[in-house]
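Heads up, what comes next is one protein chain in two forms, each shown on its own as structure tokens, labelled structure 1 and structure 2.
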Structure 1
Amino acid sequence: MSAEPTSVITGDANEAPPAVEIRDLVVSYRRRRRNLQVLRGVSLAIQPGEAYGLVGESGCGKTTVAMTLMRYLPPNAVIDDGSVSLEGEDMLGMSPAQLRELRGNRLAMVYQETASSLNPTLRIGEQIAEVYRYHRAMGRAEAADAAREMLTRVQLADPGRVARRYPHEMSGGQKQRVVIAMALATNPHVLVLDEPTTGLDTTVEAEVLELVAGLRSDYGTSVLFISHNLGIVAQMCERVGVLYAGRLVEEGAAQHVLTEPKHPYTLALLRCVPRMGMHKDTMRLDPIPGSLPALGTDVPACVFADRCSITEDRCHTQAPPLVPVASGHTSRCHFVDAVSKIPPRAFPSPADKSDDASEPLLLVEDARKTYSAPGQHVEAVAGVSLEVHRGEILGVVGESGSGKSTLARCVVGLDNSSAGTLSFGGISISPAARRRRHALRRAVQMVFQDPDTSLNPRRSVRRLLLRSVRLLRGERGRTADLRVRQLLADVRLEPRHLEVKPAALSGGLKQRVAIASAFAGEPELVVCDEPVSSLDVSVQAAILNLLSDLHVDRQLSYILISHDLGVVRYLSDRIAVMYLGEIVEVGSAEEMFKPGHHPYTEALVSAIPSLNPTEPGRGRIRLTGTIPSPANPPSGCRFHTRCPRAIGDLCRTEKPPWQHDGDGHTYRCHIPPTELRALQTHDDPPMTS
């Protein structure tokens, strides 16, 4: 195999070696007596104190790179070729004892799933103290003190109390901070972050990223940052590498690669992202056609050729050279100069929507949901009123714990609302789904965040969809089979998918099956609870386009719940913002992102990561503290304990009125629209203390 390092940075002999240097790495997984290649000669270097982002779709090999660096590859993995060094030392030749010493003191990793990183049977303080006891030989008391100090460093309030908690007693953002505390406990030289913020709220995500950036600055830590969120990579990393089918296809300064891509795959990824100002009614997303080569596929030439729009014969026969396009910026493509000229794929113009001004399809009035425990009553939904018109998409946003999913479950009848009324099509409906007429249960369906929990793993796609057709439509035999095939076509699945089980499908394909199941009864209202939060940007774009097409073709109404404000902005007609069980703002998708909105919405919008974080006018508004407990909500305005624009006793003692700013835009705040708009157009955003 010819050596062709792609990003090895060399200098004087006296200079410090790279923190991480990977050369021509080839890794395979052995399955059924075959070695299936997953990394195809990957070379990269991370300099001391540098943050390096690694992006690409699921299955491209990003986590395999991280696991090779950590030497945590599974038993069926084979390192066929290449080298991996940490600060000049060869890692592939190290003994298990040497690796244990290295991982504890110079190399650490933060995983995507905190549930797999924390022991549910041990208190948080014990788990962090264990790191100090094992790697610093501290006594119990000294390790416990060090653990509490580390909890303070990761900005967890009341570290003594946090140390006594178990993992299940903490929120996702708090657990992620604990995992980061454990990883940084011994001041590692290199930190590997594998999708560390996937599934977190926008505000929590921003706080975790700022925490990592601050600690990295304090300790001079080098970072390998793996993420499918391109905006986060642009914000966090100096350099970025784009991985596709096990090969690094582009690399360079993050600001250049993500704003002026020189490889068709990088450009295609960027065109999948719903940017601010984009909306389904005026512009379609451009998902990448086709799919990744199957694991182990022999690709002697360009790995992206089968999905690329500017291929020629040589792309299928000749491996493209590594072309320098600027200082430190390289691309593996035959047509580097043509990439910027690739036009977006042509799509039909978005269909015109029906302007149905009739009474709301769904009307929720003063809905409440209270959970009772010994000595405690938790009001998860606290007097919510909203309406959804026929053919409308209502986005619902807010942090975890704001009541979004509880409200959704009350709408579909999975939870019984404790008070308030619901009506559908002008007819009052029962809070419990089991007491609703069959026609109504069929008319209101739900798509959940994780298809793994909503699809029976033991049934094939055919049986899953047949069951939905039989239950919701009462169809049998050939009629049911025809209906299943139509559903398959509606969600852009192939007939070959009918006989496979969910485990054999990718995340995007499983979500399509879940959508088809929800649409089996031809619903009128579909509640989508975080339907794309864990998907790659390319798969996310395809699912968003699919939801948009079904919405227009069938004049459906959606309630779209998401923590990704870019997704909500793109797909929604109106947006409702929830905080601590209450709706605090409602307005059109366009108006909600302009000054003159609730201070909570202002903070959410300011936390959206941008592909160009240096653009003028951006500044994040930090919310101090965590969302209060719904068991003991603050008096007056529920947001006043965290509000950067709170105005004293008025906010603490009096419930704010609804302010009306025209065109159906309303928000609940003591500050009137004109004054709030003037505050929010000031150059310097408020900073809470």
Structure 2
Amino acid sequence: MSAEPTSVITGDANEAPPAVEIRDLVVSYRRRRRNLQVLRGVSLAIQPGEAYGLVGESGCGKTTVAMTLMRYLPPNAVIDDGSVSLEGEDMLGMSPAQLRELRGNRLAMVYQETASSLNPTLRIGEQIAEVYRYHRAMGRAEAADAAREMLTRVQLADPGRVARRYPHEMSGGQKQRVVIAMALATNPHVLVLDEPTTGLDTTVEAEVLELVAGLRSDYGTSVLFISHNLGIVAQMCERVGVLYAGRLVEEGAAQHVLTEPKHPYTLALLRCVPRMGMHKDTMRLDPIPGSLPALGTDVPACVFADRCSITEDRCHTQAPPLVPVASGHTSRCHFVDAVSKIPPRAFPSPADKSDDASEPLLLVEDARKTYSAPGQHVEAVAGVSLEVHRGEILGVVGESGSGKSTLARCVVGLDNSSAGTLSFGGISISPAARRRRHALRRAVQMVFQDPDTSLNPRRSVRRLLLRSVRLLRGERGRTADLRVRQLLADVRLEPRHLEVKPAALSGGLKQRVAIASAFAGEPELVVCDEPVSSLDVSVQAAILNLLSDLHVDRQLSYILISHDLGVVRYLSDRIAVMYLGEIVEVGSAEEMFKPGHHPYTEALVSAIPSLNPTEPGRGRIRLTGTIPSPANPPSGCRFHTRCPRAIGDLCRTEKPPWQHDGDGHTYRCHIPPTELRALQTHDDPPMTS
């Protein structure tokens, strides 16, 4: 992206002081009269104008670094050691008044949760104007003008109207722009972004990131960018630091660190995400074994030793030094040279035995689901027809609001579809779960997004699973007990997990329990609604492998719903793309990512952040605006309001036909396949407004 040459890293003392310099920072949280160390001596420096990415699993201390820099640590946090300076000035010794001055003018932060960083009772314009009035001592009118100008700079259409809105009247992406506008209002020298796009759709995420990159190059702001997504960091940052258990294990230029990692942890992080072109049939994912040491436990001399694949005795007794591996690239490992030789543990998948038996297991015909509120009808699913074959994994993708979750709930019978028919194994079935026969209930199950809410917090794992076994299989007593143990083994949990309640398990383990529970009755179709989106990347891989194994072992079918195209591509045989309650494209997983796809799919694909930003054909098209309200869908082609390839009136007035492109690949567009393919392989990006 905007890789500016302003950030040449030299050790010369006559240069300006670094924008941010953190040295040997040790921070701990006091809890129940114990000090739990979170940061174990972190040192990093951000040069003026540089974007520095901080990556690592959740719980590594990324946010603590940001909060220490802002001096916004919670009251129970203690800075035990180290120094933090901003442009050469020591920040730890500053008075609250000095800090307030600093925060508004030279230092600003965009927090993780946009929704809660805006005051719901103030209009957008007033919130931004407040910054000017407080820090720039502007009058009301002047501040309001400045606020409107800032809204223009973050490319919000019609700033005058936006300024008069309340936060709840805006979409997630718009709110994020406002928050960025507030942070940049005083033109700070250093901007801290803590997971600024988590929770946003990929398409919106791409837009927000582009905005940040653009603003950064305009203002020359230094950025501390915190993210768990390596692709985003690769795209946004010049330098990157990898944090593990409160220690910086590797640091260097983003291209080097993310393409030739010299620390086993960085390598493992990179390997556990499904890469483009990986598919479950050919390659298994490579999760990181073990988990982050719990807060307050002792860590070995090398913090990563317990999970490392090249660990030796030395790692447990002797702290590895910071080894320079290239100019400006350092790694904290005893065996930096061995890292590149670590064989991928990802091994080929066991051959998928399912042959293309074309017997459809589930047939959905013209399903509709309308929610009625006084004065409006919202058609969340607007006539969807699809089929899932026996042994097949059908991926369903789309932005939030596209109706994919509603579709899932209609299939399993949690929501009654308002119209259309469902049939399973050739027999028509009732739309309501409670009216379905027992055998059918057993055959169609669901894995939910967030295991925190899908497992009753008051029940032990044993009770949870016993109940499923009893209801779905009718087993009791010893048989049931054995079955529960078997299920537990199937999802790679151990008997010691039986008596534990969900709160005592980590996210990934919880999701395994939820999967075991859905699999208790040997289902034939499992609907997985965002099964890994609430999990950390290192855990995601393990769950995806598990789902893939269970699929191979049991020859069942999945409907896999996800907003993460990488996940869907890795696991699915076929993919359906939904937009505003309609399916716009269906095809094999491979074809969906090649030119000749629906313009909406094209936009989704080009919004995926890649580890290699220079890859050709990336970021070709961007969607503008947000998904229209399903209460009032656009006429003609529902996508025409945002379509970068719209061809005029035809799209506005007439519903597009299904275009067939051989091999079951079909999409809904006025542009025929050959023409579309030509358009999409052509290197000239179409202009989007």
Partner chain sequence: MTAGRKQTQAPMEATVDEQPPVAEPSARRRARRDLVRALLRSKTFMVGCAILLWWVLDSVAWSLFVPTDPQALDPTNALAAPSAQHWLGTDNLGRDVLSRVLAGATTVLGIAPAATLLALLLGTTIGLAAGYYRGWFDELITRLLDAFLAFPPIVVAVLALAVVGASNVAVILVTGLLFVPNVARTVRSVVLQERSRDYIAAARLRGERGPYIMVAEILPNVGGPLMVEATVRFGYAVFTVATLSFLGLGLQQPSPDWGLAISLGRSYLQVAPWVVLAPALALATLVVSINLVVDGLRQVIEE
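Numbering for residues begins at 1 and runs along the sequence of structure 1. What we label the rigid core is the largest C-alpha set whose atoms superpose within 1.5 Å from one form to the other. The shown structure was predicted, so the numbers you read here are calculated from the model rather than taken from an experiment.
In this comparison, the chain shown as structure 2 is the form predicted in complex with its partner chain.
The rigid segments shift between structures 1 and 2, and of the options Leu525, Leu464, Cys669, Cys333 the one at their hinge is Cys333. The angle of turn of the smaller rigid part against the larger, between structures 1 and 2 and from C-alpha superpositions, comes to 8 degrees. If you overlay the core, the Cα of Arg34 moves by 2.6 Å between structures 1 and 2.
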